[in-house]
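Below sits a lone chain in structure tokens, taken as the form predicted alone.
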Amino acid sequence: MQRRNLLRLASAYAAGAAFAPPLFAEAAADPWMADFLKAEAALPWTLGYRTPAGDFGGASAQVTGRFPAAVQGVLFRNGPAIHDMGGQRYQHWFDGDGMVQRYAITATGVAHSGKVVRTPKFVAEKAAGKRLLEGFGSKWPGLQQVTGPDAFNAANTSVLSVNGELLALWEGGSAFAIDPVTLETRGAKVWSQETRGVPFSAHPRVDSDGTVWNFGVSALSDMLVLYEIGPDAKLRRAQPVRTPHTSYVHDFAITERHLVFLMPPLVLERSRMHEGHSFVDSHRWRPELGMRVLVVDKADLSRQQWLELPAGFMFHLGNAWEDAQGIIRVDYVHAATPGVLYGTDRALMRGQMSPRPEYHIAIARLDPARGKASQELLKVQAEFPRIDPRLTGRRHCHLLHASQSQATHPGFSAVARTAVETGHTDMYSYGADHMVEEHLFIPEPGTAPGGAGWVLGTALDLKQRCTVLACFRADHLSDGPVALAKLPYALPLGLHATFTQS
């Protein structure tokens, strides 16, 4: 099959799902909404999963300390925000319509604004006053058939800034262009006519020369689409790659010569879609397949090699690099099962807590020449790994990540920096009454990669019922923040962020 036909196939969705019948009989009142409203009064952590009344426009934060010059710029964060509409509540955290948050940091203060991404889905549902389309993990009678990846694109997972353009990203459809100042939605990003509507994932990797690498999963076509985009935001290559037993793939990594995909054995079964299950519920855990590893040559995307690691589940990778012998080292956050996808991140939409599987840092060693792969687990609790961005694809020493889970709320309450070769961790705990979001490493200008820098991130203060923005010295995390900005309100908990310096 020709490349053009493969790309066209990658944008199709309806072939497997459009005729799926409703799974359940007609429901009366929404028990998910009723349960969540009941829980709100008793459980402070539900604050992070409420639907805000509307957009946020230009509030000033109360600042303690001083944000260093290196972090003066704009922090953008994206995440699910509109969880309910018309009395109906989504049944999975990942379904909420995306809201991009903008923290403008100057020498004198921090101003915040936030705006829902106006996807066609959100605009239509807002006008109708109710949900019209199924989501990633939500489905009930009366919803319209999904006709393509962008039909239910929530644009709710991450943000990318490339050549002055800000993009709101989802993992199953197009990116959406956003005005970086006003946060107005400009529309779906079209990289080329060939790739119009083809999924563009939420975890692009930016090479040291500014090249953006990314992928999209076309699950119904058993295909990955690989993207190479220049620093000028122009598409250089888009290459479809067949992947038998298409897995749930959320992230990947790059080295100086390769793209590295870890594919957990969570596999789509089309028959379950035909039976009327939601997209996520149409996957089945098949540990007998192991964690398949795909290594792709960046110079020739048709050169691919498959390896295998022990079965496990993951959302995020930290980084990958390869030594002079061609051995690839890749670190990622490992869980034994996908329980968080089906338990934790679903139960919290009803205001309930489900036991969360342990997530630990894993260090994998890939030897493509010998076809061998192995890994070791560090007993360090982690999620949302980030590194010094100057070391993407190159040897790094530290992972920045969230840590310290709590029995009293979902998620984490600390930010940590772990040495991947020794496992030594430096940590700052916000306290059990905080829920921590992803933190970024911001390099100090003029320093070498891996050198001095700052840690910038947000947390939800459940006691004060507000969101805080904090900045730390990267090499002295446990000393606590050097600057803290407190917003006059709480924001819905988000997922991933990016920073642009002034």
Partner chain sequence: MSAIQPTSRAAARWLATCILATTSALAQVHAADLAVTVKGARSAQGLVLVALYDGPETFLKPGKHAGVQMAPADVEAVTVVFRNLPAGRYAITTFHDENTNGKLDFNLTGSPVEALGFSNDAFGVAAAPAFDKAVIDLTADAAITVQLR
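Numbering follows the first chain given and starts at 1. Remember, it's a predicted structure, so these values are computed and weren't measured experimentally.
This next part talks about the form predicted together with the partner chain, which is not shown.
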> Within 4.5 Å of the partner chain in the predicted bound form, heavy atoms considered, which of L294, M353, M85, V146?
Replying inline: V146
> So which of T185, N214, S221, S138 gets a non-hydrogen atom within 4.5 Å of the partner chain in the predicted bound form?
Replying inline: S221
> Contact between P265 and the partner chain in the predicted bound form at 4.5 Å, heavy atoms?
Replying inline: no
>> Can you work out whether P368 and the partner chain are in contact in the predicted bound form, taking contact to mean some heavy atom pair no more than 4.5 Å apart?
In response: no
>> Using a 4.5 angstroms cut-off on non-hydrogen atoms, would P120 count as touching the partner chain in the predicted bound form?
In response: no
> Does T195 reach the partner chain in the predicted bound form, with heavy atoms at most 4.5 Å apart?
Replying inline: yes
>> Only one of these stretches, 297 to 305, 232 to 240, 357 to 365, 161 to 169, has heavy atoms within 4.5 Å of the partner chain in the predicted bound form; which one is it?
In response: 232 to 240
